[in-house]
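A lone chain, given as structure tokens: the form predicted alone.
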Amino acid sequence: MPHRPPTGPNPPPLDLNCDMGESFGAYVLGSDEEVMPHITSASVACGYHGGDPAVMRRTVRLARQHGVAVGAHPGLQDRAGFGRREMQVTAQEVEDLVLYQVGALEAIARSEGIRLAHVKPHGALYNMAARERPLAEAIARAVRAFDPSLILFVLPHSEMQRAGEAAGLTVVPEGFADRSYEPDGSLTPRARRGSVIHDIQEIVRRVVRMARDGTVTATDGSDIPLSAATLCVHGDTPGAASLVRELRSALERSGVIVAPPGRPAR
């Protein structure tokens, strides 16, 4: 189900999603309690790059309290690198680790009376699958085998989008509020200066333009098409709660309905 770019004065609804539940043990990451009331979808870490069973349950309960859709956020088994370091993994390993993590979160969500809505790979796994078709197909196979009704969040025009569509899944192209883009539509690598945008007003301007015009300015100054139906705000970004409040307010003032995929605005 490819997303159509916005046309005319009434842009399509936009989901605001945030990566959440990435704390573990004694380590607290992100501002989940402050951010949750302002988003519409939460992608919950499943214990590999971040999260643990207690944090997963607490995050699911918090999402239920605020009427936020819950999805799985599986990553590479690399807690020390927060899942942001690329690793050598086979397609079979990727399929297995995605199944394992989605199943773990599903068990907790079901015990809390919540049904999972989506799957969004994390960090390096997301970027690797965006480029490498065998890894993208492995993720799509895992999601389809687990529950073909789950939505797959993907980088627009990526191998993951193509693999998800070929597998018959509902795919939702994702934009990133605080990340810069390369001219080919890929995210600027985090190791490069300027990959993360910190100025709130600049982020707001970029996001409203994405939502209304379907374009974003790349690092070389060119305007590139970016049709996104869900927008990610990173919970570990400093000032994340203020940013997401400002974003939601600006989008709604611009006539954009903020709601999770397939669900009316709340």
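We number the residues from 1 along the sequence you see. These numbers come from a predicted model, not from an experiment.
This protein has a second form, the form predicted in complex with a further copy of the same chain, left out of what is shown; the following refers to that one.
None of the heavy atoms of residue 67 is located within 4.5 Å of a further copy of the same chain in the model of the complex. Contact check for residue 238: every heavy atom lies farther than 4.5 Å from a further copy of the same chain in the model of the complex. Taking the partner from the other structure, a further copy of the same chain in the model of the complex has no heavy atom within 4.5 Å of any heavy atom of residue 166. Although the partner is absent here, residue 22 sits close enough that one of its heavy atoms falls within 4.5 Å of a further copy of the same chain in the model of the complex.
Of the candidate stretches 67-75, 155-163, 181-189, 96-104, only 96-104 contains residues with a heavy atom within 4.5 Å of a further copy of the same chain in the model of the complex. In the model of the complex, a further copy of the same chain lies within 4.5 angstroms of at least one heavy atom of each of the following residues of 73-95: 77, 78, 79, 80, 82, 84, 85, 86, 87, 88, 89, 92, 93, 95, in sequence order.
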